[in-house]
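A single chain, nothing else alongside it, follows as structure tokens in the form predicted on its own.
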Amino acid sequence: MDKVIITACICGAEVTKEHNPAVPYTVEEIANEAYSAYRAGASIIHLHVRYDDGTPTQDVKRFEECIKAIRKKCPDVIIQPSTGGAVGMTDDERLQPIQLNPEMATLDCGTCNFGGDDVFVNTENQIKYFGERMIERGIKPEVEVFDKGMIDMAKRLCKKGYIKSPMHFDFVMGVNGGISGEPRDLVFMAESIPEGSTFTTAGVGRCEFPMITLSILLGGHVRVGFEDNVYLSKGVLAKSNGELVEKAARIARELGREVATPAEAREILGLAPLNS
């Protein structure tokens, strides 16, 4: 099997310092957390950005500031901006970071309840619009799916030319409103993607480490970080994203798979070599 790509989702749009004081908000904090993850073995930084008070934003200038700061510390890491943004943002507001022409960006392929009255809306036409904008700029989407039907949507839109093949999926497991984080669910998802695709698994909360362990065994890749889970183990807050990445890397090696470098991750994902 290929080496394991570790993605670090360092802050997200919802988790706060009240959940864990180490959650980064400022440009400096975001760069330092990215570096802690990179140093521990993360090849991809999945990036949301905040204003200094913790408010999530898709402002392209804020993304540019954060990306430049991360690049100074992690020159070869793959930076993957989120186009999910936060609930209630417009399409073009969510798409702002692709103006910076990143190698990858996320593409959410379905609508999902996020608890209470929050609904994360991604209609078919929205997905097509996002896919077209990414193709125009040569950006590889990470196809974010919260349930099996979203895989089917991605497959249909790939056939219609809105998403290029081979696709790289991110299975987000255990979200309130999406598929649960049980082993049978991950096996079902992994067996549902087209041949030649790759996948990463993200488990939310307490299902993070069980889900990434199974993903490694199934030949997939893994995502960890404060966006998904702020605990290193039950009741023990992680001191940094790096601690979560270190644990993921340790699990991978114990299961016989080495951790991919950024250059190896680019090769696995079909991205152009850096500075090519």
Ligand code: KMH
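Source: prediction; values computed, not measured. The numbering used is simple: start at 1 and walk along the sequence shown.
Heads up, the form predicted in complex with the ligand isn't pictured, but that's what we're talking about next.
Enquirer: Looking at 183-191, 112-120, 150-158, 196-204, which lies within 4.5 angstroms of the ligand in the model of the complex, counting heavy atoms?
Expert: In short, 112-120.
Enquirer: Is there a heavy atom of residue 263 no more than 4.5 Å from a heavy atom of the ligand in the model of the complex?
Expert: Contact check for residue 263: no, nothing within 4.5 Å of the ligand in the model of the complex.
Enquirer: Against the ligand in the model of the complex, would residue 174 count as a contact residue? Criterion: heavy atoms within 4.5 Å.
Expert: Contact with the ligand, no.
Enquirer: Residue 268: heavy atom within 4.5 Å of the ligand in the model of the complex?
Expert: Result no; residue 268 lies far from the ligand in the model of the complex.
Enquirer: Can you tell me if residue 258 lies within 4.5 angstroms of the ligand in the model of the complex, counting non-hydrogen atoms only?
Expert: Heavy-atom contact with the ligand at 4.5 Å: absent for residue 258.
Enquirer: Can you tell me which bits of 1-24 touch the ligand in the model of the complex, meaning any heavy atom within 4.5 Å?
Expert: The stretch touches the partner through 13, 14.
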